[in-house]
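Taking the form predicted on its own, here's one chain by itself in structure tokens.
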């Protein structure tokens, strides 16, 4: 197939501003290329594709970034900057994609406009929904599209799909990773880890408090979206607990992450999947997570980590103290079986083929 993959209008690929969508986009494109498909990526100016995606074409647009949906009030109306990337993306899809001979457009971004356009678009548009429910307008757009043709929708996990009003059983794709980019580390250091966008909905303060209870340093990887929030979290624990490592490329991230005794995963909202959970497991790092959203499905208690009730910091700390009993090699083996790049690409291909009838 000839596939146009539309990335997030929140930021350029490689910037870190797009969160998990960036990782999903690059992994999926590489996997689809390996399966013989011709892939073009539509992304913001300044985007960079990794070497694994070298055979893909890159279309870019300029414009103002779209506000992140998770940072809006649940009842807020849909807003788009007048010179927005979102409109630029979909103007190009509507005007240029049909003549370019694409068989399908695969949207990875969680934005109202492409969902609303799907029934009237001049070529098939499919959506890998990247988040759970965060706003009424998006909930309605997804429900209306499901009622029209639910084949156009796929989700990462059952917990994510359960957020929405669907008419039939959802297509669940999980996610995939280039496992050659993650090295296995058998011997950890006395260090805990946390990774993600540094913003209130990610719950870093809980991980910091648990680390402080255990007297262990907490390495923090990710783009700091909210400087005031980051400062408040640092002030809430003794000096030296937090080690700010920044947003790192995968090669450097996995080398540092693999040395952790455990990864703490503490979202305050319903994560659609939990890329950092799988990245840690790929390095052999057990995960202690809240039993919430996608991570609650990914972590296999007693095998790859431990789950605790959401927002229970004491339980989080107690579980982190017990991860020595987890076989780190079993963590890696679970990822190899369930979340490789090849597995994701095969699932996405099957979903598109079934929907298109090709």
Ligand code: UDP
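Bear in mind the structure is a predicted one, so any value in this text is a computation, not a measurement. Numbering follows the first chain given and starts at 1.
Separately, the form predicted in complex with ligand UDP exists; it is not shown, and the next lines address it.
- The stretch from 209-217, 229-237, 157-165, 268-276 that comes within 4.5 Å of ligand UDP in the predicted complex, counting heavy atoms only, is 268-276.
- Heavy atoms of residue 246 reach within 4.5 Å of ligand UDP in the predicted complex, making it an interface residue.
- The closest non-hydrogen atom of residue 23 lies within 4.5 Å of ligand UDP in the predicted complex.
- Contact annotation: residue 113 falls outside 4.5 Å of ligand UDP in the predicted complex, judged by heavy atom distances.
- The closest heavy atom approach of residue 253 to ligand UDP in the predicted complex falls within 4.5 Å.
- Within 4.5 Å of ligand UDP in the predicted complex, a heavy atom is found for none of 127, 148 and 152.
- Only one of the listed residues (222, 176, 286, 132) places a non-hydrogen atom within 4.5 angstroms of ligand UDP in the predicted complex, and that residue is 222.
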